[in-house]
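Have a look below at one chain only, the form predicted on its own, in structure tokens format.
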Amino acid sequence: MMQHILTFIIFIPLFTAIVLGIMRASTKSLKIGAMFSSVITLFLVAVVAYNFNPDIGMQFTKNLPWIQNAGISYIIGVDYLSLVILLLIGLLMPPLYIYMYHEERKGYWYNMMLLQTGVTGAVLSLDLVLFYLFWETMLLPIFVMIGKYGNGMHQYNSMKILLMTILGSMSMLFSILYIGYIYFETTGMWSFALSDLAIIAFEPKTSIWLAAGFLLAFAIKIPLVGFHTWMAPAYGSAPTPAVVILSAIMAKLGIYGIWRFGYGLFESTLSYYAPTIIVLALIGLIYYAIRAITENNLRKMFAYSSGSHLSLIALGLFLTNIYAWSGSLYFIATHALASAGMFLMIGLTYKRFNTVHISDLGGIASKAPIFTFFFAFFALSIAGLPGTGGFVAELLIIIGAFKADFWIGVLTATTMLSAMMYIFWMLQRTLFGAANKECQYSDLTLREITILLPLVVLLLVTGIVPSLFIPLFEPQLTTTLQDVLFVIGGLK
């Protein structure tokens, strides 16, 4: 059972969708099946987490030959890095399905299950071709959900995210295939297994171009400033569940990709790109924050907010010290929880008021106190409210930034101040002030509280007692960092 558990976690949602599709299940059966598959998957993820040993590396591995002549294999496994994102996927899917309960369009449900398989497979893949296939699988349901079920200029925006993502994917595919060819020329055998390709000593110029192919794909997915033009339109047009997955999971996979494959294959080359990425990340911190302050649409505002905080995570990743790396990994988890909660609240705002424009809202605090609490809590969690996990993560990255360079530390520290500025400015206009007479105010229902409360608890636990979590991944994180520093020029 345990040797197949990751395969079950990946394919249970897809298998459920296929079976229900063949049976031409009713919408009610589809809802029950999707929810049941997400609960089973969450249980299996919990089993993996419970049996995970933080003192060793890759675990629960499965290696099966697939296309033997081409050296492509079905290789999956989980370590401290992939486990964090795997837990996020498992924890977020059941609340999303509860949120979607009144959704009657069948395609909505099928796409969400396919999306779950895509993101899970990508985070567990240890063969580059297999990773690429799951990476592309993520794109199709997001494209359909924005293009078919979105709002505003949803068809244009779905094409924009499709074309930009394909540009990055094609560059990554070229790098993958050429790496496999280099391995064949070196050994006389084909292989795309990460463990095999990691031993190749690339020529410096070749390594620079190959790494660029991966970095382009990951920079678009994050997105770093300059590669972000799809972000706000997509977040503004996408249905709420798709926005939650985009912000909480898929954007984090851009960071994960750099961590897993960038540092797994091109440690020394990433040091070549590090100054450029650090500059882009610092610009992104400030630029996205300014855009968030001036934005009237809540979805777009928090799209820019996510861009700012994802830039902070990317910055920590390229600073290569244990404070920054610990903060980045912790922020992947805590920001995912906070952004998921915030975008769910924005979705509930639209259901009540039929608008997400700040100028159309106001006076919610006097009419819906429970709604106000959850809305303010998630917004402030994103800003780094002390007592929440985001505060701990941001503080670690800022300490790591000061350790790397004083001025980088100063610029990095502005992220907390700027976030508080646009969050408090938004809360003042949205929750307080004069009520809009055209809005029908209603407080959260029990079902909605059930969706949101676990996220609140997790954010508080990760913020109040981070010692429960950080020591679990710090040993392996330190080992990985030492290996990277050794390759790029010795321990610091």
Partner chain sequence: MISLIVVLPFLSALLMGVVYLSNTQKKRNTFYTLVGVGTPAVSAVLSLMAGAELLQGAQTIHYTLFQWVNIGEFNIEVAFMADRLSVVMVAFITVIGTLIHIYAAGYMKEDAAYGKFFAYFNLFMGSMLLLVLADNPIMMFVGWELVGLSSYLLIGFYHHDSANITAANKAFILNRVGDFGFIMAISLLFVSLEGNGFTFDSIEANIGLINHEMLALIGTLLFVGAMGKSAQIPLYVWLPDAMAGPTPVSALIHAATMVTAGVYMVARYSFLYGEIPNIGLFIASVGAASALFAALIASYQSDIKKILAYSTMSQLGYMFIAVGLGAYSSGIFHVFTHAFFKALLFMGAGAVIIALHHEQNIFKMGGLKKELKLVYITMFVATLAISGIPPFAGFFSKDAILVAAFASEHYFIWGVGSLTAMLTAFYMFRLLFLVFHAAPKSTHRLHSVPNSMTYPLVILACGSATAGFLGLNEAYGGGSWFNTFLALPDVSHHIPHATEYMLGGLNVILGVLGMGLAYKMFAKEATEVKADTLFKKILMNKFYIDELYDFLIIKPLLFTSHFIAKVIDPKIFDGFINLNVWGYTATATLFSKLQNGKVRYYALYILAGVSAMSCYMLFKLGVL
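Positions refer to the first chain, counted from 1. As the structure is a prediction and not an experimental result, all values here were calculated from the model.
Separately, the form predicted together with the partner chain exists; it is not shown, and the next lines address it.
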Quiz item: Does the partner chain come within 4.5 Å of any heavy atom of Tyr441 in the predicted complex?
Solution: no
Quiz prompt | Contact flag, Gly384 vs the partner chain in the predicted complex, heavy atom cut 4.5 Å | solution = yes
Quiz item: So, in the predicted complex, is Ser247 in contact with the partner chain at a 4.5 angstroms heavy atom limit?
Solution: no
Practice problem: Classify Thr187 as contacting or not contacting the partner chain in the predicted complex by the rule of any non-hydrogen atom within 4.5 angstroms, answering yes or no. | Solution: no
Quiz item: All three of Met164, Ile322 and Ser326 touching the partner chain in the predicted complex at 4.5 Å, heavy atom to heavy atom?
Solution: yes
Quiz item: What is the one choice in Thr414, Thr276, Ser359, Ser268 with a heavy atom within 4.5 Å of the partner chain in the predicted complex?
Solution: Thr414
Quiz item: Of Met345, Leu396, Val119, Ile76, which one comes within 4.5 Å of the partner chain in the predicted complex, counting heavy atoms only?
Solution: Leu396
Quiz item: Picking from 309 to 317, 384 to 392, 79 to 87, 259 to 267, which part of the chain touches the partner chain in the predicted complex when contact means heavy atoms within 4.5 Å?
Solution: 384 to 392
Self-check item: in the predicted complex: members of 222 to 250 within 4.5 Å of the partner chain, any heavy atom
Solution: Val225, Gly226, His228, Thr229
